[in-house]
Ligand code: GUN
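In structure tokens, the next block holds one chain alone, the form predicted on its own.
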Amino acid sequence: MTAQLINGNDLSAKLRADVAQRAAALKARGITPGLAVVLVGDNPASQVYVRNKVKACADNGLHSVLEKHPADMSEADLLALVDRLNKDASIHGILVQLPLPAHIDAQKVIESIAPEKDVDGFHVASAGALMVGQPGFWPCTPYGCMKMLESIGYDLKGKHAVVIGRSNIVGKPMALMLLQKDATVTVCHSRTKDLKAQTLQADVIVAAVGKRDVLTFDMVKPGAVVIDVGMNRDDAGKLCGDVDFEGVSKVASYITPVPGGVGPMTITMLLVNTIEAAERL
């Protein structure tokens, strides 16, 4: 068996085309969807992510504001900035790029974002809405994973899904989204005993720990669907995921590549959330 690829670039292009259409419809009503991106400090990876987010907005009919500030910006000044953006009617979504400098309480900053503008889906109000199945903003990466499963017509009802990772950004919300679709969900992590015994039972595996080769071919039952959220570097410095792609692709029915899998979906779902925030007005 050779797994079919779930191509994140192709799916992103389709979803972004829909975003552009919805943005045009809003503009016809006099509303330009607006996203504010806040960057504090000069983390190189963060700068790349922010640049890509701003470009994605421009390419798909959204207005973006980049608030770039030095690493010594005080927590009070950052909170004041978020408060100003909360009150700005031209801004529908606010994203504070993480990580923040050590002297700033990141959770405090996230909680200061108005829930109706929390397009990253990290506010406790968003997490709570997901928990109880109410409308809210879903975190972009697991949301993108769900769209990838949807794109192959995969029915999760009654299937066993194993999520490797329990972060607030991916693992936990991923598990809740899978539960909402009637999957039976097992969450594994660094303290899980015999990970292989868990994954061999899975119809769907989502690997999201940021560790190379955490999932190898002998840990996957034939025909399973594998979603690789990881972003790592191999010994040659080449981008790779959490999954041994070469081995696992011989066993799985579907697999996401790295790069070109989940990565493009994250920014796409940020655009989708921002459009939805503007449409709720």
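In this text, residue numbers run from 1 along the sequence as written. Keep in mind that what you see is a predicted model, and the values were worked out from it rather than measured.
Beyond the structure shown, there is the form predicted together with the named molecule, which is absent from this document and is the topic of what follows.
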How about Phe137 - does it come within 4.5 Å of the named molecule in the model of the complex, if we only consider non-hydrogen atoms? no
Heavy atoms within 4.5 Å of the named molecule in the model of the complex: does Leu98 have any? yes
Within a 4.5 Å heavy atom cut-off, is His63 in contact with the named molecule in the model of the complex? no
Report the stretch among 129 to 137, 202 to 210, 115 to 123, 69 to 77 that approaches the named molecule in the model of the complex to within 4.5 Å, counting heavy atoms only. 115 to 123
